[in-house]
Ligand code: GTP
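Only one chain is shown below, in structure tokens, and it's the form predicted alone.
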């Protein structure tokens, strides 16, 4: 594009020379050579064809400019896609405690919004700087060849003015760039929290409070943009004044040195056209530098995650389940959260036998959920070991262990898709085992509801987070998903605590029909949920203070008796 620009600008000089001096062909060996090569009949014919040629050349240059613009943006947004998926790959492979310590809106903001800003504010400007700088240097070189003194004064004046303006603004650009990231994150966070809690917000009639939270963050973010855009546009107005002043100055200079204005017209036209091309190029260089400076804090924010993401993870690997035949041994386990002052789990040793139903109960904060998170490999013990049969659980085999586990939380994760997709969770429709799907829904006691009450059966869309289903139906879908996987270990993390007693009883009856070799681990507040458990562990401050069957604990443990009476 730079070469085409220079050829287009340079062609103006001989054309205007022909216009100003009809006998220029005889004086210039270059024009004479062109005249002879194309066999023109007279200077007038050469002038007409030269004009048509220049118009065609400018047309080709503009078409090529359109093509390079498309190519530049295509290249840049392909990079944006790659960076975005690399960031996502990094975040979804972060350990579970990363999500305990970080707001999810931060991840959303970086992956979607800030990657876009990295592309539009860093990658595209870098390409723009190099391409426009090359074009400016080539045009300048041509002007230097014609008249070094005028070229250096013209380029030095324009370039120097841009440089002075940029240096005076660069620190402020960076400062508001950091503030932009902060306020953009607040926008995403406020909006996400509002939408996630819309039911509670509406019931408590707190719409205005959350509206104001978003509004404040949005106002601060929006207040940055006009300042930033003003800084980008200021030089254009200043430099247009300098450019026209330069053209008038060059006109006077050429008139004085050439002796008459007619002989100065060709070179004056050349400088006018060169300035016409050079000024936008320099403006784009300045704009690109300003964008780069303003958005460079995004690079600082994303650099470490992007660097770590490169080729670290395989997303399509097939994982073989870790064999589980006998027992899960928790041997002297200790665990403390980074922000906590004392351990949540303290020197805990428990043996869980295959095929048994084991329950963990205790007051809030006793360590039940943390213990289960350790068993499923979401958290790693600070001390001690978790041993599956004779195999210690570690980072190299945790995915294999999780392949043998199913998990049903209190709030079942559902996404806006069909019933079948939510149960099979990530398995392609053509690969779904229909018999296994039917059996899983029958065991979860939801098959009749799906096949008889839903309009499209398993193909029914359930809405965002299963909004069209009741709490019990969502919980049964979660249980069906767990059973479709045909796991060795089923974990129910307060999976029935939000349900009414009739629905809870129905689900417990469904659980008692499960295969005999399935190991079930239950966390519960309602003790009716764990009546059928082979062993109940009572936890308090990360330690087991009692264990036994439901009946034996009622006879021997006052704390358990109190819990039963309260429930």
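Residue numbers count along the first chain shown, from 1. These numbers come from a predicted model, not from an experiment.
Form predicted together with guanosine-5'-triphosphate: not shown, discussed below.
Taking the partner from elsewhere, residue 134 is found to have every heavy atom lying beyond 4.5 Å of guanosine-5'-triphosphate in the predicted bound form.
Among heavy atoms of residue 287, none comes within 4.5 Å of guanosine-5'-triphosphate in the predicted bound form. For residue 467, no non-hydrogen atom is located within 4.5 Å of guanosine-5'-triphosphate in the predicted bound form, even though that partner is not displayed. Taking the partner from the other structure, guanosine-5'-triphosphate in the predicted bound form has a heavy atom within 4.5 Å of a heavy atom of residue 340. Heavy atoms within 4.5 Å of guanosine-5'-triphosphate in the predicted bound form belong, among the stretches 159-167, 176-184, 357-365, 292-300, to residues of 357-365. Put simply, of 218, 369, 108, 380 only one has a heavy atom within 4.5 Å of guanosine-5'-triphosphate in the predicted bound form, and it is 369. Only one of 123, 344, 414, 482 lies close to guanosine-5'-triphosphate in the predicted bound form, with a heavy atom inside 4.5 Å, and it is 344. In the predicted bound form, guanosine-5'-triphosphate lies within 4.5 angstroms of a heavy atom of only one residue of 403-427, namely 410.
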